[in-house]
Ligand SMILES: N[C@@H](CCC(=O)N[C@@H](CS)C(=O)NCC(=O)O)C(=O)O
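First, one chain by itself: the form predicted on its own, in structure tokens.
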């Protein structure tokens, strides 16, 4: 039996890129296997061994221990901490820092994907580049160009139709784009002080943020914004994508965090957590839409039950923290506007 993990995905997926970088950093032997459930109607591209995997989302990881299949990048990352213990953990040993890492990871997974989706599929130029790259990776070589173009068009149309589900709409674009600019500014400040969010080694929070920003770096419009506004973010992405040689230490305690981490938490507090709170309230009332203002900018999308669960998970983690850890990170959460929602 092989002792190598199998990571199924496409690099256009923020979550697949996140896990690939994490496997590399942790030096866990794995095979990268191009695969997707987002196939075009005329092209059955799903691999046979994945036909019974539920839910039908990527990335998927096959564990070598029992040949089982797993989804959800965050739960896989945390599960690997138990299956592959070692010195290259992505969970800070300080419980307070570990909570902040989880919070930023959740933000990257759930709000960062809105940023990536908005820019990737919101204009003709970007959407007609990415769709082709995805299909070229999935179809492989030896395929006529006309076939790739046909598959790419079907995939593009499917993704564009999903934009309202993600919240990537013209109405929401100003809020989403404002949050992207602030993330870039925060990471610019971070790179001037230290390598990663919580010291000289990457955390789960770094990888969660990396997934969406990796895809933004690769797409024309957000990539150009990143190059112009935040060269430091480009540096961070290049290093984190292949960090198997990175060696470093965690910072000692939350009080040693640079201001840029508080600035990043401010984006979480101004955009993501208010959305989670409003979404959970709307879900609880059985409403189909959630509407709110984010820093005076309108935001409206269909309610999303999974993201209601995200808020419950974050609040449960906050409640589970010991009193001393809460005292150490509460000032950061208060300053960034996160504490009210988390402690409600």
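What you see is a predicted model; the values in this text were computed from it and never measured. Residue numbers count along the first chain shown, from 1.
Same protein, other form: the form predicted together with this ligand, not shown, and the subject of what follows.
Trainee: Sort through 79, 72, 185, 270 and report the residue having a heavy atom within 4.5 Å of this ligand in the predicted complex.
Mentor: Selected option: 72.
Trainee: Among the candidate residues 57, 28, 281, 295, which is the single one with a non-hydrogen atom no more than 4.5 Å from this ligand in the predicted complex?
Mentor: Contact check passes for 57.
Trainee: May I ask you to state whether residue 13 is within 4.5 Å of this ligand in the predicted complex, using heavy atom distances?
Mentor: Because a heavy atom of residue 13 falls inside 4.5 Å of this ligand in the predicted complex, the answer is yes.
Trainee: Evaluate residue 109 for contact with this ligand in the predicted complex, applying a 4.5 angstroms cut-off between non-hydrogen atoms, and reply yes or no.
Mentor: Yes.
Trainee: Is residue 191 near this ligand? Define near as a heavy atom within 4.5 Å, in the predicted complex.
Mentor: Contact with this ligand, no.
Trainee: Does any heavy atom of residue 229 come within 4.5 Å of a heavy atom of this ligand in the predicted complex?
Mentor: Contact check for residue 229: no, nothing within 4.5 Å of this ligand in the predicted complex.
Trainee: Residues in which of 202-210, 231-239, 141-149, 158-166 have heavy atoms within 4.5 Å of this ligand in the predicted complex?
Mentor: Of the stretches listed, the one contacting the partner is 158-166.
Trainee: What residues in 301-326 sit within 4.5 Å of this ligand in the predicted complex, counting heavy atoms only?
Mentor: Heavy-atom contacts to this ligand in the predicted complex: only 306.
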